[in-house]
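First, one chain by itself: the form predicted on its own, in C-alpha cells.
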C-alpha cells in the first residue's frame, strides 16, 4: 500500500469514518464498518445521489428489494454460469489469489480481459510466484463469486446473496410497468447491499465482499429513446474520456458531446454528460480527477454492449480507479428472465410490442466515500478535509470560546436553535484552536463560536474551514443566515 493509503486509513480509523469489521477478533477480510462520521457522510452522499438522478425525470422512482435471490432467477440472468473471476492457488501454502491481479501487479497493466489460459501463460512467462511464500502457482480455474445459501428448514431451496442490486429492478419490471400506467421510458433506482465472494479483497473499501450500490435502471424503447431526451441542452458539453486504447497510458481527452455520436448512441452520451455534471458541478470534484474509461469487449461484463467505467484519480490506490459505471445492457436481462420464468416481458406501448432495453447507471457507494476522503484530504500545513459541504458529516461546529462566564450556556442555546435544521456538533473540550483543528480534519465547513462580545451584541463568530476567515452573524437570524451561507457559499 502507498503512503497516501496509510494517511487516509489513519484518518478513517482515528476520526470514525471507516474501519475493518469485527476488528476486536482480528478483522474479517473484505468487510468494513462505517463509524459515526462515515455513516453520516454516506447517508448524505446517497441522499444527494437520489435527489439528482431521480430528478432527471419524473418517471424515475426508488424501490427496495430483497437481498436473497433463488437459483432460477440468477441462472436466467447469467450469473450462475458467467459471474466468475480467475482463481490461482499456491502449491505450497495453499493461499488463493486472483489471477488477473497477480499479472497486473507484475506488469502494471490491467489484465481483466485475459482468459484463464492467457493468465497461466503470463504467470509462467513472467515467473510469477505466490506473494505470500514465493511458492509455485497451480493452474488457474474459474471461480463463481456468488455467496450460496440454503433456504428453508431442510435447506433444499438453493439461493444466493444478490451479486448486484440490478436484478431487483428487472424482476419487478412488469409490476412497476403496470403501476406506472404502462409507459416507458421509466427508471427504477435501488440503493442497497450486494455481495461478491472476492478471491482476494484488498485496498480497503475499494474491493469488498459486502458493499453498497446505488443503481438506476432505465427501461426504454431503443427506437424512440433518443428523441425523448433534450440532447440539445448537453451537445456542447466537453466530456472527459479515455477510449480503450488510451486509458492504460492515463490519457484523457476532452471531446464535445455532440462529436461523440459517431461512436456512441445519443442516449448514452446524454447520460454521460449528466453523470459528469453530478461530479464536477454538484460534488465539485476537481476536473482533472475525473474521466470515463472505455472497456473493450473482453473486459466488460458479459451483459454489456457498451461499458465505460467512471473513474477518479485516487492517490491512495496509485492512480485511476473505477468508482462507477454506465452500462448499455440491451434487452439481455429481460430476455433472460422471460425465458427462465415463462413470463412475457414484452409490453405494449402506443400500439407497439416492445421488449425494453436497459441503460444502467451503477455507482459504488463505498468506493465513492473512499475516493472523496482521498481526494479532499490534505495533511501538510494543517490536517484539512475539504469535503463539499453537502456531504460533510457535520455541517456546523458550535463552541463557547472558553468554558466560563456564561459562554457555555449561550453556546448551548445556539446549538439547540439550529440542531433541528442542520447537522451540528457542540464541543467545549480543549482550546478553541484544538477544536477548530478537529473540525477541519473531519471536514466540517463552518464553526460558530460564542465569545464575550456575543453576550452584549447577540451575535457569533462564523469561521470558514477552507480559508479560516471569520465574520459575525446575528444569533436571532441564524437559521436563515446559515441557509443562505450554505446555498451561496459567500461572505468570506
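From a predicted model like this one, the values you see are computed outputs, not experimental measurements. Residue numbers count along the first chain shown, from 1.
Although it is not shown, the form predicted together with the RNA is what the next lines describe.
Participant: Exactly one residue in 80, 383, 282, 349 has a non-hydrogen atom within 4.5 Å of the RNA in the predicted bound form; which is it?
Facilitator: By the 4.5 Å heavy-atom cutoff, the listed residue in contact is 383.
Participant: So which of 122, 85, 294, 374 reaches within 4.5 angstroms of the RNA in the predicted bound form, heavy atom to heavy atom?
Facilitator: When the RNA is considered in the predicted bound form, the option within 4.5 Å is 85.
Participant: Is it the case in the predicted bound form that 34, 193 and 261 each bring at least one heavy atom within 4.5 Å of the RNA?
Facilitator: Checking in the predicted bound form: none of 34, 193 and 261 is within 4.5 Å of the RNA.
Participant: Picking from 64-72, 50-58, 36-44, 451-459, which part of the chain touches the RNA in the predicted bound form when contact means heavy atoms within 4.5 Å?
Facilitator: Stretch with heavy atoms near the partner: 451-459.
Participant: Any chance residue 401 has a heavy atom within 4.5 Å of the RNA in the predicted bound form?
Facilitator: Yes, residue 401 sits close enough to the RNA in the predicted bound form that at least one of its heavy atoms falls within 4.5 Å.
Participant: Quick check on residue 28: any heavy atom within 4.5 Å of the RNA in the predicted bound form?
Facilitator: The answer is yes: residue 28 has a heavy atom within 4.5 Å of the RNA.
Participant: Within 4.5 Å, heavy atoms only: does residue 446 come near the RNA in the predicted bound form?
Facilitator: Result no; residue 446 lies far from the RNA in the predicted bound form.
Participant: Any of the heavy atoms of residue 98 lying within 4.5 Å of the RNA in the predicted bound form?
Facilitator: Yes, residue 98 lies within 4.5 Å of the RNA in the predicted bound form.
Participant: Counting only non-hydrogen atoms and a 4.5 Å cut-off, give the residues of 277-308 close to the RNA in the predicted bound form.
Facilitator: Counting only heavy atoms within 4.5 Å of the RNA in the predicted bound form, the contacting residues of 277-308 are 301, 303.
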